[in-house]
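Below you'll find only one chain, the form predicted on its own, shown as structure tokens.
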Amino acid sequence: MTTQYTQALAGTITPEMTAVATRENLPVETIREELAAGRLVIPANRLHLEGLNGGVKLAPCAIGRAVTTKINANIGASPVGSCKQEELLKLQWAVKYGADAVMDLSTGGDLDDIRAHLIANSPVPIGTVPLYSMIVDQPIEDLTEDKILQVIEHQAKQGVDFFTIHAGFRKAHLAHIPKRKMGICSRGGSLIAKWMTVHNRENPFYELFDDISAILREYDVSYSLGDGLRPGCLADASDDAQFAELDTLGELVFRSRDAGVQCMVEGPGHVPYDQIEMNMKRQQEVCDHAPFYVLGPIVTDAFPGYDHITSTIGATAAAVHGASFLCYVTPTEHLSLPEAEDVRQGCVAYKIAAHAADVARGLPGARDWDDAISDARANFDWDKQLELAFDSEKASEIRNRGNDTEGDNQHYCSMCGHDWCAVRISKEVNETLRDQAQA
């Protein structure tokens, strides 16, 4: 079977390439060239594109440095909370507030039913970590190679668009773990570490990589090569464990391309601000510029409850220096399962990070939105300003709070009032200067 990647290599322009070229306002040949080089992916399971069983059809999006920075929202039920209707609400809020993709990380409830329900209702790519479904009814140490391949193929048939596969965590890397403060913070990474330790064997996902690739190629599912050894605190950032795994991920990028499978690479979670640029550049070099998918990074460990902010700081820097795909962090990170309102806050924070980075990168047209709002603000065109706001409902709610919006009162807001409004005074100064120049 062909994939977006193999068709790009063959010089073929697919409808999905055309769709994302239109969305990004770029020549379709640019999209094809970036795909063929492995610098861009279009996560689009061929079955999701068709709309399984009458479900919603996927609207393709592209992830890579040549296009706008994309964001992902993690949702999913846990063993102690949520259900498929609550997860559907989170999906709907994520899409409403700008998520370009959504990962279902459910570990509780009927995982199969939740996944199918989300895919059937999602216009954006859906990602999963198949490992979670492999151990629902058995301990990790009982996981077999047959079960691994069976679950991956089943989820591909369900229409999942990209898989997090933790194949880069090698048995030899276990020796680095005792040196860490937090050890392994990745759920998938910790499970695989336990499997390797119990069996004294190599990571089965690494050993089965070619077999997994064959399944992904058949359905055009993209790899999101998981970072099972990502740092879970600042003290562990940029250590031997993280970079040893990164070197293996670089190897797997080339193997996925040889198999005709689209591939992106996941990156670190907690990184001091001054190390972010180095991390992004090192990934680009090691992984031959495969799209980098980062969680944050969170730049301080000291603000639980506000990690949607601490991580947005890192996410903006990461996107400026090399990341293409930002995985949001919500206020509940490290504390609890996110609810719909947490999803909203995480998405809005990450849309800010992604857009700020695109402006800083100088992407053509990236600042047009900002300039349009600035024009409306300068002209006291409140209707236009609120219309252009990313979250018009929130902006309107705040504008209507404590402001008299009738008549001349529209020419200032309650922060400064009429007499102290800088924009109004500036207009008066300009009028005076203009009159003086004409005199």
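All residue numbers are counted from 1 along the displayed sequence. Because the structure is predicted, anything quoted here is derived from the model rather than measured.
Heads up, the form predicted in complex with a further copy of the same chain isn't pictured, but that's what we're talking about next.
- Note on the interface: of 259-267, 120-128, 156-164, 338-346, the segment with non-hydrogen atoms within 4.5 angstroms of a further copy of the same chain in the predicted complex is 338-346.
- Only one of the listed residues (Gln150, Thr197, Gln85, Gln92) places a non-hydrogen atom within 4.5 angstroms of a further copy of the same chain in the predicted complex, and that residue is Thr197.
- Just one of Ile313, Leu143, Ile215, Ala116 comes within 4.5 Å of a further copy of the same chain in the predicted complex, counting any heavy atom, and that one is Ile313.
- Taking non-hydrogen atoms only, Arg377 approaches a further copy of the same chain to within 4.5 angstroms in the predicted complex.
- Residue contact with a further copy of the same chain in the predicted complex: Asp288 places no heavy atom within 4.5 Å of it.
- Mapping the unseen interface onto this chain, Met1 falls outside it, with no heavy atom inside 4.5 Å of a further copy of the same chain in the predicted complex.
- Though the partner is left out of this view, Glu333 does reach within 4.5 Å of a further copy of the same chain in the predicted complex, counting heavy atoms only.
- With respect to a further copy of the same chain in the predicted complex, the three residues Ala59, Val102 and Phe209 uniformly fall beyond 4.5 angstroms at the level of their nearest heavy atom.
- Contacts to a further copy of the same chain in the predicted complex (heavy atom within 4.5 Å) from stretch 302-320: Ala302, Phe303, Pro304, Gly305, Tyr306, His308, Ile309, Thr310, Thr312, Ile313, Thr316, Ala317, Val320.
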